[in-house]
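As structure tokens, the next two blocks hold two forms of the same chain, structure 1 and structure 2.
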Structure 1
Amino acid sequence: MNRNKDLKNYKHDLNYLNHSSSGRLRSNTGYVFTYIILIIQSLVIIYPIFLTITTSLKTNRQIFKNPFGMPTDFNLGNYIKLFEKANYVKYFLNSLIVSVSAILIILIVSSLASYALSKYKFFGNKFLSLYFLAGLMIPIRLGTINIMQIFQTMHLYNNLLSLIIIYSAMGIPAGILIFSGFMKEIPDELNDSGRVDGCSEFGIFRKIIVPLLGPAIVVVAVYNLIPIWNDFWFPMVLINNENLMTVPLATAKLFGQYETDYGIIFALLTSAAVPPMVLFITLSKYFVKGLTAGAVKG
């Protein structure tokens, strides 16, 4: 009797081990497959960046002779010509002024508007929210002709201020959407406690609300930096002065009718990618945190 019981227990333990090992094997196989997919995706993303950097270190002759190979010598001549002879420091400075100014305006205006829309109930609140969200659905490029006419009337044609105004208008709707999601999750009791302590409404916003919006601020800044920094359309339409050109617009100058120096073009592309990449790498921790936090906010 005991022998039969021991045999049953042995079979039960053996079945349990088999199921456990097979489940562990399936789990490990799933992990391996996931890592393979991630590695392939990483290579697809990293290889073009690597190819751009290596090409920027080649001469035109090397590029056409061996476009996918490594440079024979790491020559920085393209970068020297780019910044010394072509004077691209000026274009980078123009892009930096436009991008930083527009992002600061977006952060200030959209955070203040989101505070009013999410923390105060008044007539037309929902209409205003929908009005701002409409800015995400209607492409601003549809109004290019009217925008150009308006800036000509305001004597802002060939002026960096026109680009700052356009990019600010483009980024404010998305900024309001992101900030509103965060602010709705901030307890109203914090605002009430600030009022009890004698804090003004702007003081409540500055001292209580803003410190809690760190991840949202990073998301809005990074989200808007890429399209502003890379935009070619509005500088092409609104800027005709060579001294006011931004990097994307100045890049078009490098394409000649009969000859093009691709080494300098790739050097420019590599240099232009550095500021957004540095910002994203520096703030990636807060960017991911902001995206995941905003994903569950209503």
Structure 2
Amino acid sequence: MNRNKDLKNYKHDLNYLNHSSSGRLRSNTGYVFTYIILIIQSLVIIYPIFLTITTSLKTNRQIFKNPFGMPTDFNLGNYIKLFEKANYVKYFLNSLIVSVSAILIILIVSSLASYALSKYKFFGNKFLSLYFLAGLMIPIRLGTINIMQIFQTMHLYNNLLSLIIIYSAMGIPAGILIFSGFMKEIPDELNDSGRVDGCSEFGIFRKIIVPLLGPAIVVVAVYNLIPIWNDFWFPMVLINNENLMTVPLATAKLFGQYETDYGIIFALLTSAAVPPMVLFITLSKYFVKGLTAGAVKG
């Protein structure tokens, strides 16, 4: 074994030496070239965000006079104005209530369904799996008209519950995809041992399966969090009460309201952008796993 590994390393080194001067990536010029491109792209990505944050710390006069310059002093005036004029904390809480509730529902219902789909053989299993997966390809907003009609009859217009329900429906396909992929890896022997102990089927799910789902739960939650938190379409269509606005809807509304005051606008955009960004940087690993779950299956 060891020798094999050594051989491989040796080959690798040889390979490295062989091609070190041939203009391939492992050569110095290749390295430099790769880094230059990656750094340029990084700047392209970072600069607009950086600009938004720094501009939010400037006064209106500075913004128009010297758009490139760094803020001369750390000026939080725009944020103070923004938080005085708009109930930003409220919007944030609304977004939080909606996202957390929807994600909890997604976690519960899609883990239950995935268990049935991945652990039992029954008539229609294959069809149901496809039926759920089809949801990944269908933009739910195409049903907006009927969704509005449904919530109108349910008297859930202007109610965060409507958003929670819609986002739950939206997240179920991805939840099922990720959970079933994960559950298929769990050996059936575990379930059988539960049966031998006299547990009910739900008992097996709860006592044996759920404790193993930890990583999958994080992946499903994080993967759904970003689209739910950032959604603008459904709040726009279903919410018009100022007290119930979510962050993206409030951003659009306040953008219209303070359009002439760039300082406030940039403070607003920064406030909307930074929390998901920080969250994402911390949890990016799980998001990427969720995103590629589909790719692995093809």
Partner chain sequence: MKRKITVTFVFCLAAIFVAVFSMLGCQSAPVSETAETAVSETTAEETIPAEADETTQAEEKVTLRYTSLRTEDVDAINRINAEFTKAYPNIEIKFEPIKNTEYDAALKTSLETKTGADIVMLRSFDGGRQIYDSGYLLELNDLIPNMSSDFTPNSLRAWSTDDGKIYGLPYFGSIDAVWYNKAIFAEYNLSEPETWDEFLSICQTLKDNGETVFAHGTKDTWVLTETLYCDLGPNFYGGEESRLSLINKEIKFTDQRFIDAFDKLAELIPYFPKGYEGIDYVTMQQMFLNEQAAMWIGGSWELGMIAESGIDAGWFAPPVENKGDTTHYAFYADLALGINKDTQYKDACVKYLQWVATAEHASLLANELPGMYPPLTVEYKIDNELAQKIIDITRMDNVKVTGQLMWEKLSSQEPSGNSLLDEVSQKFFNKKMTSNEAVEYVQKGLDTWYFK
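Predicted, not measured: the structure shown is a model, and the values here were computed from it. Sequence positions of structure 1, starting at 1, serve as the residue numbers. C-alpha atoms forming the largest set that superposes within 1.5 Å between two forms make up the rigid core.
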query: Number assigned to the form predicted in complex with its partner chain in this pair; finding: 2
query: CA of Leu249, rigid core aligned, shift of 2 Å or more between structure 1 and structure 2; finding: no
query: Phe266: Cα shift of 2 Å or greater between structure 1 and structure 2 (core-aligned); finding: yes
query: Is_shifted Ile63 between structure 1 and structure 2 (CA, 2 Å cut-off, rigid core); finding: yes
query: Cα shift between structure 1 and structure 2 at Ile45, which is computed once both forms share a superposed rigid core (Å); finding: 4.6
